[in-house]
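One chain follows as structure tokens, the form predicted alone.
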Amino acid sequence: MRRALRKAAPYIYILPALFFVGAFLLAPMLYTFYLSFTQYDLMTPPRFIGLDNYRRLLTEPNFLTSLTNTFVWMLGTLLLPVGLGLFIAVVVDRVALAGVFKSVFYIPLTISAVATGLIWTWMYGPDLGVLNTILRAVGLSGWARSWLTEVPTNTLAMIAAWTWKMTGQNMIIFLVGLQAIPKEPVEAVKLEGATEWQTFRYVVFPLLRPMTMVVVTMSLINSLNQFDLIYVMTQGGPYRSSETLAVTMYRESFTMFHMGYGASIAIVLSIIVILLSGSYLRANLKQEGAQ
């Protein structure tokens, strides 16, 4: 009896975790998948309609605009926060008062996405906004505009706000990677006459591959699922021109009560996240295994 209990003990310990994963992750996921094949408005029971919701996705202009914005958002929030995070980490790693710079760049991450959206909405205000006020003060009044109501400026403006928030997180992760790199290979290539750029490109950056995988994967998932900041700043407007799939899913499900159609958007978004992050991880792990 005791021997059986000892063998079962590890499984007993993970039962609470399995329960929460099943109840709050797997069950809602399966129910969403089921709803995507139904017509459901929260008032009447779900009615099975097969693939009609998915057929609608292919012809719905708002969905196609949202899908395009999602990929623009994904590219912008990958290139800028990740690239700036790496650049700042390399610079901060070599300067005095590194702790001060770490704090300055990390502080925006501690602010919620909703608060970040409110701050940058004020910054982008057409009349009293900080950005337009500065432009007018330096004689660039022609550059002042209504940043959040013009297309594609509104999407680019929100990408800038997200970059301000998330760069610090990427910087910290890259700094951890930089500090873990052994000094010997770096010193060896410098003795061979390599420049700083050559040292970074051929030695430092390849050794940062594990951290780069973490940063890119996290940034990819976070950017595709981002809802709070976009909804606070533009609510997907004007005229749904800045919606991403996450915002469209919310609008269709909880504003228009097209729960089945919203569920189909959620499934498509989940597939995109899984395919992109899985493909990236598999390609990098395969490359590492070949080395």
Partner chain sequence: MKRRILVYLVVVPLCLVWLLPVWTSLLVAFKNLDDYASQSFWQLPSQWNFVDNVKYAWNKAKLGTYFINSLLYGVAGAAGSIILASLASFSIVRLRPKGANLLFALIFSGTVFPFQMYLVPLYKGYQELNLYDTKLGMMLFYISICTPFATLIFRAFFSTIPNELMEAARLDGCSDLRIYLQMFMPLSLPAAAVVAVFQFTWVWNDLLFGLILTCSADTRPIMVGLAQLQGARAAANMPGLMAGAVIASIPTIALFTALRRYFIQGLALQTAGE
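Positions refer to the first chain, counted from 1. Here the structure is a predicted model, which is why all the values come from computation and not from measurement.
One more form of this protein should be noted, the form predicted together with the partner chain, which is absent from this view; the next part is about it.
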Review point. Is the partner chain close enough to Y106, S112 and I134 in the model of the complex that each of the three has a heavy atom within 4.5 Å of it?
Key: yes
Check your understanding: Closest heavy atom of S141 to the partner chain in the model of the complex, within 4.5 Å or not?
Key -> no
Review point. Contact between W122 and the partner chain in the model of the complex at 4.5 Å, heavy atoms?
Key: yes
Point to revise | Heavy atom of T68 within 4.5 Å of the partner chain in the model of the complex | key: no
Check your understanding: Does the partner chain get within 4.5 angstroms of any non-hydrogen atom of Q169 in the model of the complex?
Key -> yes
Check your understanding: Taking the partner chain in the model of the complex as the reference, which of V72, L78, M218, V189 has a non-hydrogen atom within 4.5 Å?
Key -> M218
Practice item. Taking the partner chain as it sits in the model of the complex, which residues of 53-77 have a non-hydrogen atom within 4.5 Å of it? Please list them. Key: none
